[in-house]
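First, one chain by itself: the form predicted alone, in C-alpha cells.
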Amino acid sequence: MRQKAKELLESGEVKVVIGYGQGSAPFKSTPIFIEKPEDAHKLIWNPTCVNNLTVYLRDACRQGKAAIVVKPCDARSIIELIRENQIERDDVVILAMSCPGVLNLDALAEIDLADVKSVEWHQNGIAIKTNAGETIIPSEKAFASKCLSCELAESPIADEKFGEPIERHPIRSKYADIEELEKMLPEERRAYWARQFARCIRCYACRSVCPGCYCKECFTDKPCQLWVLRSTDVESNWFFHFSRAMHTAGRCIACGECERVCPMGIPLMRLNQKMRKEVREMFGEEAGTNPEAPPTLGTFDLKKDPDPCSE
C-alpha cells in the first residue's frame, strides 16, 4: 500500500493520498494527508484504523485527483458519494484494504495504556503487546460492534486491493441492537429516546464526521428555522436527531462514526439501523452496494408510485 501510494504521487496521478498515520499513542491512529512521495512511509494499517476517511474525500477531489485508503465497509460511502454526484469515479483512486475488524477501545479497559507497545491482528482477535508480554483479546470483545455483524469479505469498489479476502462469520445480527427497541410499546420507545436526547449537548460531532452530511448549510444552522432552538432542550435535540436520520435514510452505510465520536455515548446507530432496516424492507436496497443505481430515495416513478392525492 505504501509503495502504491508512493508511485501514485511520483507519477503525478494523484495530488494527495488520504490514509492512516500513527496517532498520539500505539493504540491510536489518525487521518493523514500525504502529498509527497517520500512521506508515503508514514501510512499505517492495523486494527486502530477506525476512522471513516471518506468524510474528507469531497474536499480533496476538488483540489485534484485523490487516492484514499479504505476498509471494505467505508468503501460503501464512496459508492454513495458517486451515486449522489458528489464525486466523479475517475477523480478517486481507491486503495482497498483487507480488514478482519477494527479495535473496540473499551476492550483495553484492563490494560495499562501507557504500557502498550503495539496493536496487531491475531487469528483469534487482536494482540496487544506491552512490556509484560502479549495479550490476545478475543474477536467478540476486541472488535467494534459493527465488525461483529460485518458480511463484507472485500471492498465492494476498488482500484487496488491489498490483502486476501476475509472469510466472514458474523456472530450477531446487524439489527441486533434494535430488536429490543422494536419489542417496546410506542410510549416506552418514546421514553427511551427522550432519555437519550436529554443528554445531547448538540456539539454536532455526529454531523461533522458523517460522509453523508455534506450540505453547505445544515437546516439547523439556518437563522429562519424554528424547529431546532439554540438551547439543548429535549424537543430540539429530538427534532435534530430524527431529522438527520430521515435525511440520511437510504444513504447511511452504517459506518458507526456518529456513535463512535459522540461524547455523551448516545446510541445513534440504533436510530440509523432502524432506518436502514425500513429502507431495506420497503425498497429491497442497502446503501453503498451499487454505484450505478440511482439514489434509493432520490427518484420517483409515477407508474410504480402513483400519486395518492390524484384519486
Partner chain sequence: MEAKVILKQDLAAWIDALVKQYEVIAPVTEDGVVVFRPVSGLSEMAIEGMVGPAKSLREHFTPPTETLFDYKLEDLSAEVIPPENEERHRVIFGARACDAAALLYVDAVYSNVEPIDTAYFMRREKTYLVGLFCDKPAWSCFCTEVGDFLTNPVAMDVYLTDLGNRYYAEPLTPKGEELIGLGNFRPADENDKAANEEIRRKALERLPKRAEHETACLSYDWDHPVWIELAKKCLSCGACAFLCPTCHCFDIQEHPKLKKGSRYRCWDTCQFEKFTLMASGHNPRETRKERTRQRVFHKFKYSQERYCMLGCVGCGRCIAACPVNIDIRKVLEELEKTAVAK
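Treat the numbers as computed from the prediction; the structure is a model and nothing was measured. Residue numbers count along the first chain shown, from 1.
We do not show the form predicted together with the partner chain, though everything after this point is about it.
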Exercise for the section: Would you confirm whether the three residues I79, R172 and Y175 all fall within 4.5 Å of the partner chain in the predicted bound form, going by non-hydrogen atoms? Expected result: no
Handout entry: Segment assignment from 91 to 99, 209 to 217, 176 to 184, 70 to 78: heavy atom within 4.5 Å of the partner chain in the predicted bound form
Key = 209 to 217
Handout entry: in the predicted bound form, the residue from R168, R199, K161, K141 that sits within 4.5 Å of the partner chain by heavy atoms
Key = R199
Exercise for the section: Name the single residue among I44, V279, V55, A60 that comes within 4.5 Å of the partner chain in the predicted bound form, judging by heavy atoms. Expected result: V55
Practice task
Give a yes/no on whether S243 approaches the partner chain to within 4.5 Å in the predicted bound form, heavy atoms considered.
Solution key: no
Handout entry: 4.5 Å heavy atom contact, L113 to the partner chain in the predicted bound form
Key = yes
Exercise for the section: State yes or no: in the predicted bound form, is some non-hydrogen atom of L226 no more than 4.5 angstroms from a non-hydrogen atom of the partner chain? Expected result: yes
Problem - Interface membership of P291, the partner chain in the predicted bound form, 4.5 Å heavy atom rule - result: no
Practice task
Select from 7 to 42 the residues with a non-hydrogen atom within 4.5 Å of the partner chain in the predicted bound form and write them out in sequence order.
Solution key: G23, S24, A25, F27, K28, S29, T30, P31, F33, E35
